[in-house]
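First comes one chain, alone, set out as structure tokens in the form predicted on its own.
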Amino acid sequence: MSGTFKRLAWVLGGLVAAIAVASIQSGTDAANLTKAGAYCIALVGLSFLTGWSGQISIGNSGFMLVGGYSAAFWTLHHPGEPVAISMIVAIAVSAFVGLIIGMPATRLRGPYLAGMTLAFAVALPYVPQSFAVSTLGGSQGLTITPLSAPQWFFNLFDTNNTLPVVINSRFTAMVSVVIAALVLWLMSNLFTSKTGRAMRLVRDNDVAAELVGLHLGRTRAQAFVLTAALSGLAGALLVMVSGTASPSTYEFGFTFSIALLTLMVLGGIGSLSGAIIAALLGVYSLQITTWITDHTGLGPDSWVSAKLPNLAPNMENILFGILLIVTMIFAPRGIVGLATGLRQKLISVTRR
């Protein structure tokens, strides 16, 4: 079996498992799975840019905003068209913005590149507010009819008088994981393609890349276009599910760009499985921190909170910071790298 079909088999297996899980989840859990799919798409793009191209971006939340607003704007002005059209428009517009950002970015490296993308992420949420309310909705944003399950889906899953909102959440979760699976399969093929090998060569050795005829600026700009397109798709997916594109959306703010970088490091830079793990960590981080605070006496009603009242509300950020530090010290390749190393050690021990 060729590598392409092996990767397809792995992705299809994971997709079937994810759909099976989504079909029995509650409304809240299905909504979390929907977000996890969108986060995974954005993390795959960022992981490709950083792990395979060697560039850093703190502006992916800005690309998500561009994609979300593009999808909402197109939907408002073209009612009745398939959701897929709105997402394709979001991908195209986000890729174009990524090209605009990527062209000057090819001349920047390290902290200068990070600073430029940082400015992009900080400034972009204010752009929609400068337009008239009739254009981009001002500070309130754009409101559209959210994605809803078709009647055949209700007939298929309404077996025990399940609430319609739960069935709809399951439908959006399935749509999200299907799109994420398609992206994972396409990116897994790209990683092993000629383009992926060119990205790695540019990352590892600029001189060698030029000697074999690669155009450094074009190759790096392609990475920015790709990560922008995937981030725009993720933003469009979130908007189509929620029905709102607003500057105040968490995923469109600068804070989320930092969260994406943190999650990428925790999961494993340049790894598709790391992107999946990181997406699940990002979505379920609140539940994880709540469990930890409940079982360690650091909850809102604990003596620690009485002495340090600002500790409990910020426990999620504190724990993520600690986890990031520990990961960088003991597992610099992230959770996936740690698991791979342990598996190799286990194999070597069993062969003795």
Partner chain sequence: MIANILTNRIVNDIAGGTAQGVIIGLVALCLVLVWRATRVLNFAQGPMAMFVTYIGMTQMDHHANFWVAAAISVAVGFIFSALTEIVIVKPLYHKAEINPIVVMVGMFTLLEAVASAVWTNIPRYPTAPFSSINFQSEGNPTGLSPLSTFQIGAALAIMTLVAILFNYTSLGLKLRASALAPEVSKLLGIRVGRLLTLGWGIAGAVGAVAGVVISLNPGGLAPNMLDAMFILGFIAAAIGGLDSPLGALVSGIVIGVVMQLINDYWNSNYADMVAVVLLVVVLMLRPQGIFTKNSTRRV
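Each form is matched to the other, and the largest set of C-alpha atoms that superpose within 1.5 Å is called the rigid core. Everything numeric in this text was worked out from a predicted model, so none of it was measured. Residue numbers count along the first chain shown, from 1.
Beyond the structure shown, there is the form predicted in complex with the partner chain, which is absent from this document and is the topic of what follows.
Chemist: Would you kindly say which of 197, 78, 215, 109 lies with a heavy atom within 4.5 Å of the partner chain in the predicted complex?
Modeler: Selected option: 109.
Chemist: Quick one: from 20, 12, 328, 342, grab the residue that has a heavy atom within 4.5 Å of the partner chain in the predicted complex.
Modeler: Among 20, 12, 328, 342, a heavy atom within 4.5 Å of the partner chain in the predicted complex occurs only for 328.
Chemist: What I'd like checked is whether 103, 118 and 126 together line the partner chain in the predicted complex, meaning each has a non-hydrogen atom within 4.5 Å of it.
Modeler: All of them do, each having a heavy atom within 4.5 Å of the partner.
Chemist: Which one of these stretches, 283-291, 38-46, 25-33, 51-59, sits within 4.5 Å of the partner chain in the predicted complex when only heavy atoms are counted?
Modeler: Contact-bearing stretch, as computed: 51-59.
Chemist: In the predicted complex, does residue 130 come within 4.5 Å of the partner chain, counting heavy atoms only?
Modeler: Taking the distances in the predicted complex, the answer for residue 130 is yes, it comes within 4.5 Å of the partner chain.
Chemist: Quick one: is residue 241 in contact with the partner chain in the predicted complex, heavy atoms, 4.5 Å cut-off?
Modeler: The answer is no: residue 241 has no heavy atom within 4.5 Å of the partner chain.
Chemist: Does any part of residue 114 reach within 4.5 Å of the partner chain in the predicted complex? Heavy atoms only, please.
Modeler: Residue 114 belongs to the contact set for the partner chain.
Chemist: Answer with yes or no whether residue 87 is in contact with the partner chain in the predicted complex, where contact means some heavy atom within 4.5 Å.
Modeler: No, residue 87 stays farther than 4.5 Å from the partner chain in the predicted complex.
Chemist: Taking the partner chain as it sits in the predicted complex, which residues of 253-275 have a non-hydrogen atom within 4.5 Å of it? Please list them.
Modeler: Heavy-atom contacts to the partner chain in the predicted complex: 254, 258, 261, 265, 269.
Chemist: Against the rigid core, is the Cα displacement of residue 328 between this form and the one not shown at least 2 Å?
Modeler: Yes.
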